[in-house]
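Consider the single chain below, provided in structure tokens and representing the form predicted alone.
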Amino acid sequence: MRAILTQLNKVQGVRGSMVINHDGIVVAGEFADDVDEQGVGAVASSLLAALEGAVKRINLGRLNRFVLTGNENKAVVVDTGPALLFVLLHRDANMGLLNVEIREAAKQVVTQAKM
């Protein structure tokens, strides 16, 4: 998992990334900055659970990913099935390029989790 995160973190605009299980426990994390990985994992898992309920209520199907945008940074959380991929981004990151890279990393997380 760490190799997937290391590669993703090389993409311009990415500040760090982690893989979290659905209980909010960090499987692997790669952050250049001092980040409370355990806290981020718990929050990401809780947000996903709450959003899944909302998505069902408004008939959007299954939640695949969500993007949080703050005044300082962005975060993307992707539900890969076996785990969550959390990616912390710079506020002005190019989402077009990053969407492709994040999607590819999520596929690799699925493959790695099956091993």
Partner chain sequence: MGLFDFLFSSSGKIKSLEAQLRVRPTPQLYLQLADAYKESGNMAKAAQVLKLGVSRFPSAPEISRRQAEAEKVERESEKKRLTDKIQTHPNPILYARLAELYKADNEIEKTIQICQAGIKAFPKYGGTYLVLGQIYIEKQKWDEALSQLEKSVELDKYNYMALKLLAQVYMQANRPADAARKFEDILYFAPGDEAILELLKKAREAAGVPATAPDSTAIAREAAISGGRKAVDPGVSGGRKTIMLGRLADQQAGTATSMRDKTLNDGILALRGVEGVNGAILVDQFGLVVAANLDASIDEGLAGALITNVYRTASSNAVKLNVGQFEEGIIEGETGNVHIVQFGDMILAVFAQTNVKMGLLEKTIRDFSMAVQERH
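Positions refer to the first chain, counted from 1. Only a predicted model underlies this, so the values are computations on that prediction, with no experimental measurement involved.
Below, we refer to the form predicted together with its partner chain, which is not included among the displayed structures.
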Give a yes/no on whether A75 approaches its partner chain to within 4.5 Å in the predicted complex, heavy atoms considered.
yes
So in the predicted complex, is its partner chain close enough to R91 to count as touching (4.5 Å, heavy atoms)?
yes
Is G81 a contact residue for its partner chain in the predicted complex, using a 4.5 Å heavy atom cut-off?
no
ask   = Counting only non-hydrogen atoms and a 4.5 angstroms cut-off, does V26 reach its partner chain in the predicted complex?
value = no
Taking its partner chain in the predicted complex and a 4.5 Å non-hydrogen atom cutoff, the residues of 67 to 87 making contact are V67, L68, T69, G70, N71, E72, N73, K74, A75, F86
